[in-house]
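In the form predicted on its own, a lone chain appears below as structure tokens.
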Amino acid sequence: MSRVWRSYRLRAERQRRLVRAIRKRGELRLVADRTALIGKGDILCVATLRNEQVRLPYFLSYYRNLGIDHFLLIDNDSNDGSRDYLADQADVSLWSTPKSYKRANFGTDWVNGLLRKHAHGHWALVVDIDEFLIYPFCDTRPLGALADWLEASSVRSFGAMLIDMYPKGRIDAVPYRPGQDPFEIACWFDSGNYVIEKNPKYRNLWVQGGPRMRMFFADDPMRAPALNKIPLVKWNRRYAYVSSTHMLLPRGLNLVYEEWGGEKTSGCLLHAKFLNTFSEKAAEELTRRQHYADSHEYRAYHDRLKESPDLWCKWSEKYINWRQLEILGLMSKGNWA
């Protein structure tokens, strides 16, 4: 395929996704509109959720402390009180929809729609409710400092590898309390066991591995979930996520790595999926079948959870801080000092 033809097809795909985003935004019902409070230079957080009330207090507290100024959240027909809880938060603008998560490209169309309307010119962080961003110096520098440095360096996007965290012992052995730091329970991770390849179409890196590959997809590792993410972007209304936050268009935004040696600054997303709430969540999502490939990922979880697996192994590392992740090669401070 010629370079000109490839560029044309990618531009056409981006336009299709932007049109879908505008159309799918009509599926969202406004519950609480506080977008008038968004100021110039504010950093925004966008997320889609369903039945996450137990996780929300810590999620909001964590990202407020990190430097998020306003949350743009989409509730996908929760029935556990999530919607009412979020509607009462002064820094949250909330939308709700009973429509199909799957038919909205697994929520990506809804997210693109809100980003296009409300995030133009802002740094925007797109995460799931169980994902927590770690970046170099995050213990001493707020997210705004990272955003300012990226912008001064003419960098528009920031990559982060998803790190699945888990407890030692049964997943359901210790109950999680609302507002609790989930990493008091799920404090272990795989320091290795990762594979990386380059996606030639979008030029992003495709990363797989960790406990989900070795425990749930050992028989078919190439079907394991992708761990590459690009969660933080200086947004422009012409941009569009393609698949979750794994890749974007235009595809230059996916070059969050150094192609010719060296390292670009990057972070990690600590993934607090494996708490005692996980078994119930997996069973619900298997029934709903709203996830990728007819929820094959949740089918693998559900089948293996019947055996009450312990994800911990003799190679597991206990999480300490971001410097530990840099030493292990899972993130990099690059030339940010």
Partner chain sequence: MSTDDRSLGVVLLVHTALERAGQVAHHWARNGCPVVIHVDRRVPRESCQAFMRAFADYPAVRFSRRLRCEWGRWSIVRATQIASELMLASFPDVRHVFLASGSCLPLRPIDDLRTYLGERPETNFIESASTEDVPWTVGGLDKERFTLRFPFSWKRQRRLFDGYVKLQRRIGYCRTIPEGILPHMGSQWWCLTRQTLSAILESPRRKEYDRYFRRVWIPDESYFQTLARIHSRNIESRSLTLTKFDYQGKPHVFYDDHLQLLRRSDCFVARKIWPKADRLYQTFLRKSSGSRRTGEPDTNKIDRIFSDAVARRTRGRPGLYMHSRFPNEGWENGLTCAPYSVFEGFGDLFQNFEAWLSRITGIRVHGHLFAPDEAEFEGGQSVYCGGLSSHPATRDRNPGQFLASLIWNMRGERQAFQYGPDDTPEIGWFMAKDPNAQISVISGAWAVSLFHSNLDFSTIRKIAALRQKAEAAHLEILRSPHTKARVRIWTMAEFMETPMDNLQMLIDEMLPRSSLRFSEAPRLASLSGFGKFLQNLKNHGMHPYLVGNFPPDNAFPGHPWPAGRPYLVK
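Computed from a prediction, not measured in an experiment: that's the story for all the values here. Numbering follows the first chain given and starts at 1.
What comes next is about the form predicted in complex with its partner chain, which is not displayed.
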Using a 4.5 Å heavy atom cut-off, are M161, E197 and Y257 all in contact with its partner chain in the predicted complex? yes
Find the only residue in Q208, N236, S244, Q89 having a heavy atom within 4.5 Å of its partner chain in the predicted complex. Q208
Sole residue of G121, P178, G81, G262 within 4.5 Å of its partner chain in the predicted complex, by heavy atom: G262
How about M213 - does it come within 4.5 Å of its partner chain in the predicted complex, if we only consider non-hydrogen atoms? yes
State yes or no: in the predicted complex, is some non-hydrogen atom of T108 no more than 4.5 angstroms from a non-hydrogen atom of its partner chain? no
Taking heavy atoms only, is G267 within 4.5 angstroms of its partner chain in the predicted complex? yes
Is E13 part of the interface with its partner chain in the predicted complex - any heavy atom within 4.5 Å? no
Of 244-252, 186-194, 93-101, 167-175, the segment with heavy atoms within 4.5 Å of its partner chain in the predicted complex is residues 186-194
